[in-house]
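First comes one chain, alone, set out as structure tokens in the form predicted alone.
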């Protein structure tokens, strides 16, 4: 079973004597040290994935900035690690902005997103002097200008443009189609850039576009950049404004199942460069500085979540194995129907006894993490690992049913250190007025 799942496991994963190891550490040791559920991140995998993005765009003639999409997993320790490697941070809330600040990310390498930024968030970004604010609406431009004038600061901006392009992904993570809550139509994007150019407090740098998440094909990048070339030429001819910075977003997918083969960062960079050469340079447009925002592709496959097996039972034609977590530590299967692969962490090489549904502890019939997972017959108390849980698990975690949120740990070279400690029972009542 282990060999079949190598495509979805962290790069250092191994299973000597059938026991899963990550970063040179036995997963049983991790579970004993931190409890379960536990999200274990492979540091070597993360570093290699981050460097792959940096290397892919290193030779772009106009320069490129790689910013980590912190919504994937925004622990301060993770942001610090990536910042030390040379990445900036893409943030979309006051909390994510504060995490980037605490991690020591250079403010010039911070990009603030969000479709409904508050006055507080924009004021904090201006005060910190972030590198870019991505404007998502006309009223937001007005508010940002007001705040900059009060602060006496000039804020570089991008406008998020909606190209009305549909890509093949789940409808909830498709962000560039007409009707999306993100961005503005092409005509309005040009108008906002003109308005920014007329302001002494705003510096229009260009545009941002993001097509969606979990993309498994490079073609959408070529398609949108080709479309943007015509738009950028029209913008320059009509207004004299050039696109100096082009943020192509993120969205590169990972392998959640062994049959998925996502492109590499180098593949994405090649399509971006080729399209810019073919569509932009051919039109006499200057090459823009690029910003790229990977998240899932850096941390997603880098982690496994470890659980303890509880109840094992039959329910009609379905055999259930229940674990001590579920939709509170990983809501993606419930939200998106996301698929995962699993194995018993201390019996990795045993053949499957048949398909098992891995169920969580929550009072929801939909709290099922994996359907039809081929496993040996599970035994109460043993460890079960679910692969590729590094993105949008901890960051989307909840305390549903008043279940404490789980710990996360960084593992490498035979050592481990906590990124997030497990939530204590008493902390669940810190906000409860009558709970103290």
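Numbering follows the first chain given and starts at 1. Quick caveat: nothing in here was measured; it's all calculated off a predicted structure.
What follows is about the form predicted together with a small molecule, which we do not show.
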item: Candidate from 204, 288, 325, 251 lying within 4.5 Å of the small molecule in the predicted bound form - any heavy atom; value: 251
item: 183, 295, 88, 360 - the one with a heavy atom within 4.5 Å of the small molecule in the predicted bound form; value: 295
item: Heavy atom contact within 4.5 Å of the small molecule in the predicted bound form, the stretch among 190-198, 305-313, 208-216, 119-127; value: 208-216
item: Exercise: residue 396 in contact with the small molecule in the predicted bound form, heavy atom 4.5 Å; value: yes
item: Residue contact check: residue 320 to the small molecule in the predicted bound form, 4.5 Å heavy atom; value: no
item: In the predicted bound form, residue 332 touching the small molecule (heavy atom, 4.5 Å); value: yes
item: Residue 231: touches the small molecule in the predicted bound form, heavy atom cutoff 4.5 angstroms; value: no
